[in-house]
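Next up is one chain by itself, shown in structure tokens, the form predicted alone.
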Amino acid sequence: MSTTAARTRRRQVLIADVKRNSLDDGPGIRSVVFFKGCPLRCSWCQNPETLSTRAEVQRSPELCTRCESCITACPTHVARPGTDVQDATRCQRCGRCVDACPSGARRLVGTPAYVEDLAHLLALDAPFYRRSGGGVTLSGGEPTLHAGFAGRLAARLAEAQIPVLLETCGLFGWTSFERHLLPHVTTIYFDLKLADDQRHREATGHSNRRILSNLRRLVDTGSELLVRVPLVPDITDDAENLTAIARHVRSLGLARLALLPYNPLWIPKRQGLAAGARALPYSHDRWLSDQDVARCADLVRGEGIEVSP
């Protein structure tokens, strides 16, 4: 292996998961790569295990037999069974408690990945992509947080004629994105949560100004683009927000957007993380009804925007 190749191979990021044979996150049969790390802190995050760039231990208390193997294996003696409180500040994220758990009640979220190995794994399902019109989806977390790595991965897949779809929150540096990722992705799903900047800051921890700027730039590139709006009860699903987003999308010359109904399946995942011991900032535990989704869709259509299925 050449010095350059060896250096490239050493560059790695943490991957939370690779979900193969997925029928979500884009058309056809897909493999979805979930990157660790996100610049936003949405209070309703559906993938809370991907927020941090660091590895984390995630617990599934319903599988725990309280055998206390985790306590014995933990080098800092902070691991605890079931829902017992752990001291997250002292956890070394070494994964020894995960290896010791006989019931699968623990997993280490955050596996180092190399471009070459990941591209090889994803290419194994190329026949399914071709037959179904699918491909690979880069998700997270936020893939653009690792623009260089994600771009090299997308380039490898593009060379193999595998379509790459990028899911993004829109908060990224344009120069790096344009250089590394934009040339190699086929489709972009762009999540737009709140039109009002102050409300966006309160709900996600960041201004939406760069997000809106990046969206306009993406439209100007002519990229295949779909704006998506998560319908979060009492945060994003009100008439003021949805009509404002629809009007903004229309002002950019776009004709459609997608609505993503809220579901509460993220709450146990958040509680299973060390950070889950804290009070949840948002914990709406009911699914959106069909009537609620229809109301939101009517608001968007009322502004002349098609709602994508």
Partner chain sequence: MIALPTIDEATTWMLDQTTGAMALAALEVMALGLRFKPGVRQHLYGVRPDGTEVAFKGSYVFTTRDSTLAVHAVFAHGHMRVGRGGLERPNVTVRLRDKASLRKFFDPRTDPLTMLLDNEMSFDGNLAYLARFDHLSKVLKLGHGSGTEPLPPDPTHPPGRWEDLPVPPTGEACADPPAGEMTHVPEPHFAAHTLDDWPRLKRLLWSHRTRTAELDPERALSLTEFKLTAGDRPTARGHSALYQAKGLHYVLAQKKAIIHDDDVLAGTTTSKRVGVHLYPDLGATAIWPELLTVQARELNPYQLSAADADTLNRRVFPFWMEDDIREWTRTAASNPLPMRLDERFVLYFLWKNFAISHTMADWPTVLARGLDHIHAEARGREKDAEATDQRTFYRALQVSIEAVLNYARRLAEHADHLAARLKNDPANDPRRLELREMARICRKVPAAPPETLHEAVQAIWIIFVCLHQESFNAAICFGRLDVVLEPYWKKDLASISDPAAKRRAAHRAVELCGALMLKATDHLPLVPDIGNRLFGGSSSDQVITLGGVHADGTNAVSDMTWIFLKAVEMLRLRDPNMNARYNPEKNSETYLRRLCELNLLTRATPSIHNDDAVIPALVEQGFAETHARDWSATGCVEPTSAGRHFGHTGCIMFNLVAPLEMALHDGVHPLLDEQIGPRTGNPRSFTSFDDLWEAYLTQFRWLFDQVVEGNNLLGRTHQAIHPTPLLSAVFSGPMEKGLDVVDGGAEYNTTGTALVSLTDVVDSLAAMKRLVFDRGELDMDTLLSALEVDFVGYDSVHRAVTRKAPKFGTGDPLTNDIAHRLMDAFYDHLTSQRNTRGGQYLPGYWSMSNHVAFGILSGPLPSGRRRGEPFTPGLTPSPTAEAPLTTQIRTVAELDALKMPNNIAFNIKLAPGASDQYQQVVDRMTAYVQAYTDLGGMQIQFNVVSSQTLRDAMKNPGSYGDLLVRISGYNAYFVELNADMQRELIDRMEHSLT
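These numbers were taken from a predicted model, which means no experiment stands behind them. Numbering follows the first chain given and starts at 1.
If you look for the form predicted together with its partner chain, you will not find it shown, but the lines that follow are about it.
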| query | finding |
| --- | --- |
| Contact test in the predicted complex: S103 vs its partner chain, heavy atoms, 4.5 Å | yes |
| 4.5 Å heavy atom contact, Q198 to its partner chain in the predicted complex | no |
| Residue contact check: D125 to its partner chain in the predicted complex, 4.5 Å heavy atom | yes |
| Close approach of L265 to its partner chain in the predicted complex, 4.5 Å, heavy atom | no |
| In the predicted complex, the one of H206, H180, R130, R107 near its partner chain [non-hydrogen atom within 4.5 angstroms] | R130 |
| Among 206 to 214, 225 to 233, 95 to 103, 141 to 149, the region lying within 4.5 Å of its partner chain in the predicted complex by heavy atom distance | 95 to 103 |
| Residues within stretch 34 to 67 having a non-hydrogen atom within 4.5 Å of its partner chain in the predicted complex | L63, T65 |
